[in-house]
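Next comes just one chain, in structure tokens: the form predicted on its own.
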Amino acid sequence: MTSARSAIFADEHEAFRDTVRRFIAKEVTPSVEAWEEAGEFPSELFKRFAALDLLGLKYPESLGGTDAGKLYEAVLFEELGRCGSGGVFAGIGAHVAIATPPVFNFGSEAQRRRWLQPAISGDLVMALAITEPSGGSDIAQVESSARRDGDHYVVNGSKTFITNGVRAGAVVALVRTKPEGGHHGLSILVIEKETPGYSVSRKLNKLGWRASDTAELTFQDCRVPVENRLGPEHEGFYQALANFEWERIWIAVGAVASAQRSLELAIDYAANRVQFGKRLAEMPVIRHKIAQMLLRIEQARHLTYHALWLHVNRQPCTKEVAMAKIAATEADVAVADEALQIHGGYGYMMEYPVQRAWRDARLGPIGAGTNEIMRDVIARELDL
């Protein structure tokens, strides 16, 4: 089952989609079960994605990218959302969608070549480190400190829930460079893993996204060169905000694709499961559930595509992106829950793919700014 083609994508995008879908069907989906069990996918997967030029779709050819643009990256996110593992979607997606953009957007040419170029080639895995144990969505309250000492910053603090944090060779970290000033005292530093005082304090166990490595990081008197700062000092808050729209679109696009896959799992199961002498798909209550699932997916898809179109055409879309993120992630949760219900005891007690889809979906309304925060964003855009 496939959704109707959207006018937002041209023939070349659909040809690219076919290539990515075949690659994921061959290189990713068959190994998902093993990676889930292991709690991570192999780092070599980044190199395999890089070999198909999938890690630098929106970056210039001079840095190893293809300069294809964000619509191609959105297609990549959709196909990753269908792969059967939220962890793979998260690990590859975090590298592409949220860790590398600050380097490109605010880094010097030398910084781009130092970190972005190897990230595009798959030789360097990157992570974004913003969230701290003391707070999540309120990034103005970041406490990790970076005290200036000559041509270095001395960094102390910790970060948590960092996707790719265990394996990352460098993290793009939001730190406090001025004790006072709230959001006016933050900066972004690229902190390399070999820096003395940098440590992965623990790898976190999670409800879902189990194939992605998620870490808590500790910085203890890390001496980070000033040349590792991205952009002007004390401008980190605004630099972090600059990529929020694309981060939320990444989550929304993947959530719609994930919900579509959950629906397909439910339809396949209902078509083959017999109870009381009937296939589940013949029972009105199941047919109505499936129809409602499809309705919710298509509502979320169209809202997400609308936000995507506005974003790639550089139109104001803060409100629309927030609405898309809510609609898509809540549709993913609702559809996965209904799909699990249709599977009944088999889905709940046994390791059916729908069980993993249900676990993975639950992170969507929390990550990239909780849906409660998204509703507040919408209200602010309405001047409430």
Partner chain sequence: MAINVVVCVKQIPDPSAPARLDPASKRLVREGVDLVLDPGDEHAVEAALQVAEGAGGEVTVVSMGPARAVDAIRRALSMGGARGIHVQDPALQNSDALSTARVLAAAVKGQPFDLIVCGQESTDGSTGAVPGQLAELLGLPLLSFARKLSVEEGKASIHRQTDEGYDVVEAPLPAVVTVTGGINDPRYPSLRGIMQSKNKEVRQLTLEAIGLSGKAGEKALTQEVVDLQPAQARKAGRVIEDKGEGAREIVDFLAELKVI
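Numbering follows the first chain given and starts at 1. Just so it is clear, the model here is predicted, and its values are computed rather than measured.
FYI, the form predicted together with the partner chain isn't displayed, but the following is about it.
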Exercise for the section: Answer with one of Glu27, Glu33, Asp337, Glu40: the residue that has a non-hydrogen atom within 4.5 Å of the partner chain in the model of the complex. Expected result: Glu27
Practice task
Check each of Tyr72, Phe237, Trp309, Tyr198 and return the one that places a heavy atom within 4.5 angstroms of the partner chain in the model of the complex.
Solution key: Tyr72
Practice task
Given the partner chain in the model of the complex, answer whether the residues Phe16, Arg22 and Arg48 all have a heavy atom inside 4.5 Å of it.
Solution key: yes
Practice task
Indicate whether Glu372 is a 4.5 Å heavy atom neighbour of the partner chain in the model of the complex.
Solution key: no
Practice task
Indicate whether Thr66 is a 4.5 Å heavy atom neighbour of the partner chain in the model of the complex.
Solution key: yes
Handout entry: Asp53 within 4.5 Å of the partner chain in the model of the complex, heavy atoms
Key = yes
Exercise for the section: Would you check, heavy atoms only and a 4.5 Å threshold, whether Leu57 touches the partner chain in the model of the complex? Expected result: yes
Fill in the blank from the handout: Which of 353-361, 58-66, 337-345, 320-328 lies within 4.5 Å of the partner chain in the model of the complex, heavy atoms considered? The stretch 58-66
